[in-house]
Ligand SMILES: Cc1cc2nc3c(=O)[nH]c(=O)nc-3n(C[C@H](O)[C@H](O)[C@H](O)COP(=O)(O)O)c2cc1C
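In structure tokens, one chain follows: the form predicted alone.
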Amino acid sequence: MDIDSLYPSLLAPFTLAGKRLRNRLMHASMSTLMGENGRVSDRLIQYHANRAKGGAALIVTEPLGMAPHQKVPSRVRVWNDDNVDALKRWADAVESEDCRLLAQVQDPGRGRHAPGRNPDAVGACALPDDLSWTVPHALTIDEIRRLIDDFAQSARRLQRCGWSGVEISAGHGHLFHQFLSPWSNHRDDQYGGDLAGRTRLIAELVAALRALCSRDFIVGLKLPGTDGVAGGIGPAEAAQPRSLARAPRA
């Protein structure tokens, strides 16, 4: 039997947020480390262009530098206009192959991706990271709102450069996950407490993206299924039918 018979929907096109996807094959976010001092490199563009030519209908990049505090050299800077021309070339190289290009929105929060502690880490609370023992700065309400605006403005910049959308990475123990989980979110303000409070950051980010970007700009959301620790998110809570877009804004 051929692949069409075994998986009749796999290669069938469909429409997502008004954009055509030629099949159901998606290239998930992959850390290439090909950004160079915050800049788009030719290697980075070619890497994604090759995946588009190989048949993927949608590609999600590694996390990009969507806010000024994200200063990792391998993260391509999007929060200002330094890379506008290169971001347009990147989008054109992928989108011209009938493949949609999405940027991943992510922040490690108190997490650490390199040896040692991170003195610049931010988080939902001033709780130490269980691997590096980095103690993050607990974001204030004003800082949370500024962060949301930074991410939304960067997404609008990407849309102007021809990108099809973004994916919010809210799993894997990173910043958004740290807000979602009662194990790591001990806040007593509107961004903590019950599920509505703990989902508020993501709900407000989605609302901000929708306010600044058009309806045909794809907004993907990766959510955790289980924390694997007592007092965290479990399958029952993860399965609750909540609409993040309806969470109230303070």
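Sequential numbering from 1, following the sequence displayed. Keep in mind that what you see is a predicted model, and the values were worked out from it rather than measured.
Note that the form predicted together with the named molecule isn't included here; everything after this is about it.
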| property | result |
| --- | --- |
| Exercise: residue 63 in contact with the named molecule in the model of the complex, heavy atom 4.5 Å | yes |
| is_contact(residue 172, the named molecule) in the model of the complex, heavy atom dist at most 4.5 Å | yes |
| Residue 28 within 4.5 Å of the named molecule in the model of the complex, heavy atoms | yes |
| Contact of residue 104 with the named molecule in the model of the complex (heavy atom, 4.5 Å) | yes |
| Which of 30-38, 199-207, 180-188, 49-57 sits within 4.5 Å of the named molecule in the model of the complex, heavy atom basis | 30-38 |
